[in-house]
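What follows is one chain in structure tokens, specifically the form predicted on its own.
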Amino acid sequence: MRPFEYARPDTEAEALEMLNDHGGNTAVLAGGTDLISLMKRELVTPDRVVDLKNVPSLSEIREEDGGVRIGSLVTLDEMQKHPLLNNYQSLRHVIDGIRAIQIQHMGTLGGDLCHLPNCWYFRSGYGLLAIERGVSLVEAGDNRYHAIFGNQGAAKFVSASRFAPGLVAWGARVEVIGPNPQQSESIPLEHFYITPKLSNQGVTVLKPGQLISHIWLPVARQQQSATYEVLQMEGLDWPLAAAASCVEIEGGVVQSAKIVMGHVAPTPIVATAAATILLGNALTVDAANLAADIAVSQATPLSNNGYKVQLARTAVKRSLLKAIGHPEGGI
């Protein structure tokens, strides 16, 4: 690990000031569950690390603007226990699936949303695009866990955030502040992620000196939601595929629906056509099967990850059925 400065601000304004020193070559420390590993491997080499734990406004959960505002430093434990999040079951399902006490205790919502890819080529120092001498290492090598959507370009990793599918399905927005203390922008979370085309691009719209301060969720009224993750192992593991669904049912038929797939593309994938087919119909097993078929119909698997198409299909089907109370989303 290279030497770095450590800074601990007390306010959001101080945090931005400290982030914008050193030409923006700084890093945000939230829970630290991923950053420390990246720094040890020298995949991230900031001149300064800004620890946000002492900024109280970033650790609050409160009602605001007809919804719920969650600070980016709120931990998974706090999310699991807070009464204002009782109706957002898709988020609770994610926490239930993270069977590592240390991650639940230390991991933060903002840290999860900004988690860099777990692609083994990236983690071995080949960069986000994993290109060497003009050749895609992913395309030519072991791509079992890589993208089956949005992989026609250079980027073939999968988005690592476990909460993003559920939050996007709920219509969440992220509040991005900086680089100046007066600058603040509310962005739909589904527009927060990008697929890099060049090696110097990142995985989100965040620019140097910016950070996520809060996540806003619209009020939960009649909607029912669920997240279904396909995990290879119990314990500390990452999903092979995931899906989150948020549906509103009235009079026995679907009035609104949103389905979002995760861990299958460089960004979360909103399955608009799959959700549309449900509108005006009862959410039966047959309907869930049809929606799942449509959701994966445009998949473009690589040489070694065709199995993920079926996993993504299963995740969509089971998230829909789980949302309406079917045990574990059916069979």
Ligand SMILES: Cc1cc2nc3c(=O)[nH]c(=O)nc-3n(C[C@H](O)[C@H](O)[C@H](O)COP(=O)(O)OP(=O)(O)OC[C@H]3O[C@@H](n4cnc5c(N)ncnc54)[C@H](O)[C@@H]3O)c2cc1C
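The model shown is predicted, which means the values in this text are computed figures rather than measured ones. In this text, residue numbers run from 1 along the sequence as written.
Heads up, the form predicted together with this ligand isn't pictured, but that's what we're talking about next.
- Highlighted residues Gly166, Tyr193 and Ala292: none comes within 4.5 Å of this ligand in the predicted complex, counting any heavy atom.
- Shown alone here, Gly32 lies within 4.5 Å of this ligand in the predicted complex, counting heavy atoms only.
- Remark: Thr108 counts among the residues lining this ligand in the predicted complex, judged by a heavy atom distance of 4.5 Å or less.
- Residue contact with this ligand in the predicted complex: Ile212 places a heavy atom within 4.5 Å of it.
- Contact between His115 and this ligand in the predicted complex is found at the 4.5 Å heavy atom cutoff.
- Contact with this ligand in the predicted complex, judged by any heavy atom within 4.5 Å, is made by just one of Leu137, Val254, Leu206, Ala220: Leu206.
- Taking a 4.5 Å heavy atom cutoff to this ligand in the predicted complex, the contact residue among Leu302, Val55, Val28, Ile61 is Val28.
- Just one listed stretch, out of 269-277, 292-300, 34-42, 61-69, contacts this ligand in the predicted complex at the 4.5 Å heavy atom level, and that stretch is 34-42.
- Scanning 154-190 for heavy atoms within 4.5 Å of this ligand in the predicted complex gives just one residue, Arg162.
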